[in-house]
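Before any questions on binding or motion, here is one chain by itself as structure tokens, the form predicted alone.
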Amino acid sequence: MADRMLQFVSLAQHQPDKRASSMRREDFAEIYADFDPAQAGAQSSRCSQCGVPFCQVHCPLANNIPDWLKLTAENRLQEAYEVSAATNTFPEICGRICPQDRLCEGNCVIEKGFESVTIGAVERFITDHAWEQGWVTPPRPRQERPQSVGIIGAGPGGLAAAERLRTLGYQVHVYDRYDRVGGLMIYGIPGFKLEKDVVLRRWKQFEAGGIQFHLGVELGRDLSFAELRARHDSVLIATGVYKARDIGGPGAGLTGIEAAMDFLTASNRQGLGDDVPDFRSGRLNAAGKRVVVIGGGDTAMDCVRTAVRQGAASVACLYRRDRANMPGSMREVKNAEEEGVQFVWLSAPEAFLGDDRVTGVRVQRMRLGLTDSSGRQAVEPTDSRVTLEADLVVKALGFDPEDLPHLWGEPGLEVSRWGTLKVEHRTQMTAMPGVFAAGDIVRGASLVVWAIRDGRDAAARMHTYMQQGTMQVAAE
């Protein structure tokens, strides 16, 4: 079947059709159409099947991308799904929200001009098709094990670990403070990138496989960490990081300056049909307002595009560097520009204006300097300033971990100087025997795909611990 591959020389790259910006501004539905089997097969056939697949090397999950592309090109779709699912708990989610332009597709060896294989769209197609065909089944262990596992956090890391451990036969209990399963995937990521049914069907599937969920349970309030630890043979902390980084300066405490996660959670809850008083009152609703979002990552892109759909009068995004140095996905920047977002590059907020409520942001212009330790150019202030009118300012400056040892009354949980949980990285175990940690609470705010990888790795380490009964704990 070799003649079916390497078609990039004669077949152009084609992304799934995208709804017109005028239409997608009106709702929160996903903006990309699905490939049909013929389109998916044709785009898969563009893969060069290179000897060293850099797409796989640069995928946090080390997905066997060339293999399932070849199987898709050959119309062996069930096998393609099985290969994809072997390394990824949520391929249909990664296909939608991963920044492929910075990971797999961005490292495709096909030369620019021919353009990379549309890996993300094919990944999404394979699993969506598998759901339609009934090939996606609940986790079914070959044998039941008596050991019980407690997982704190029903986000991507916790769910990935839960699925792996349940498949191994453990009695898995997942605790989460929210009322739905999915964490950031439900409450942080807008529907135009990830429709909620895509996540909720995994919840039902995992329940059918025997994973038990305890929702609305907050550690330190409803259940102590010591009590949870006593219930289970092993515990995984996969809470993520949600504490918003703040911004100072004159006027920073004015009404109308909100945190990104509060803004996004209110919007997602509204879309799910919940009664959201802060949305109803207008506090977390951008309708009719002049909105300024501060930040340059994917969360900022989610905020500006959400504000557009809520009917904002105008939406501007302030970022202190330029487009080339922006950490967010360039695909998302392009989508935001198409939808009417104004990007104000090389700009940093200096002060927030207003008496009781914010009415504007005074912006200091920046210029690029030398490359810093992050590999991006440092920024230096200039003497130039400009004022942007604003009725709502959203801070999307990143997230830090909450102080879990204090919140949970558990000083045995050691933290790093960044506030993340300290683990022995070969085992992912904390300083407390049998207590593991994975995802953003260990590595800091990162991508969903990295949380999935960490959760799967933690499940393997927990399995080893429970079978051997001992393991080296976190280094001092």
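Please read all numbers here as calculations on a predicted model, not as lab measurements. Numbering starts at 1 and runs along the sequence shown.
Below: the form predicted in complex with flavin-adenine dinucleotide, not depicted.
Only one of Tyr319, Phe399, Phe352, Phe192 lies close to flavin-adenine dinucleotide in the predicted complex, with a heavy atom inside 4.5 Å, and it is Phe399. The contact with flavin-adenine dinucleotide in the predicted complex, taken as any heavy atom within 4.5 Å, belongs to Leu219 out of Val83, Val393, Met326, Leu219. Stretch 175 to 183 is the answer when you ask which of 366 to 374, 337 to 345, 140 to 148, 175 to 183 has residues with heavy atoms within 4.5 Å of flavin-adenine dinucleotide in the predicted complex. Looking at Phe35, you'd find every heavy atom of it more than 4.5 angstroms from flavin-adenine dinucleotide in the predicted complex. Looking at Thr299, you'd find a heavy atom of it within 4.5 angstroms of flavin-adenine dinucleotide in the predicted complex. Not displayed here, flavin-adenine dinucleotide is kept clear of Gly295 by more than 4.5 Å at the level of heavy atoms in the predicted complex. Among residues of the shown chain, Thr420 is not one whose heavy atoms approach flavin-adenine dinucleotide to within 4.5 Å in the predicted complex.
Interface residues of 120 to 158, taken as those with a heavy atom within 4.5 Å of flavin-adenine dinucleotide in the predicted complex (partner not displayed): Ile152, Gly153, Ala154, Gly155, Pro156, Gly157, Gly158, in sequence order.
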